[in-house]
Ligand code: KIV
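Next comes just one chain, in structure tokens: the form predicted on its own.
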């Protein structure tokens, strides 16, 4: 197994490299990003792949689900991430109703994410139901990452964000979904909110990598939401861990800024630039007199 220190220079990660990482036992590290600054930060930390997730609907845009996210939202976010990345594989989510209506919609929208926004692959939700679509996209050269288990675009059908595959029948359906995605040409599959034992079994069954989120350590890799691991926002899902409290640090910093502006101590001398005394005097002579001056 190999390790990649943070900031180590390497060539752009590819889908075939991710598959090789599964074969060699190297864990795949994936995280979301939605703009250029976050892309620069996570890539400097050494992640393998960046997911431009439709989770931006909740983390950035203030929606209560991913459903309102549009193609325009995803195109702008993916392009911003692309401008901040030189090494990570960039995977862009296909938003709700960008691929469900027809294969033509799917090809057009997936193509835009690659051609216009700079993604290297797309991710779409579903298993057996979208396998034919995955095959069409991969046949025309668009790499596809699958996503099964809790699929957020179907949250209304699930009745909430709930663990999936808890009994034998539903677990077998998830296995079938994953095998169908693999057969259709997907290069990897995200397992979201799946029992750890089931995720480990699926990982053993597949030749393509599994990327877990709330699916245990038995997957070939993990993906987390940028804001969740940094402690930005009030809610942290059970499957996430706060590796820092950046949110509270930001609030503290802005509060200090507010206090210093109100106290008149910011900006201080080191933040100022000055005119030469002669220029000030000449400027004062050139200005028209104010009221009350003779």
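Every value quoted in this text rests on a predicted model; they were computed, and no experiment measured them. Numbering follows the first chain given and starts at 1.
Just so it is clear, the following notes concern the form predicted in complex with the named molecule, a form of the same protein that is not shown.
For the options 186, 77, 122, 223, the one in contact with the named molecule in the predicted complex, meaning a heavy atom within 4.5 Å, is 223. Per the 4.5 Å heavy atom criterion, the named molecule in the predicted complex is contacted by stretch 46-54, the sole one of 265-273, 243-251, 230-238, 46-54.
Within this chain, residue 190 lines the site of the named molecule in the predicted complex, having a heavy atom no more than 4.5 Å away. Using a 4.5 Å cutoff between non-hydrogen atoms, residue 93 counts as a contact of the named molecule in the predicted complex. Residue contact with the named molecule in the predicted complex: residue 181 places no heavy atom within 4.5 Å of it. Residue contact check for residue 213: one or more of its heavy atoms lie within 4.5 Å of the named molecule in the predicted complex. Applying a 4.5 Å heavy atom cutoff to the named molecule in the predicted complex picks out 147 as the lone residue from 137-173.
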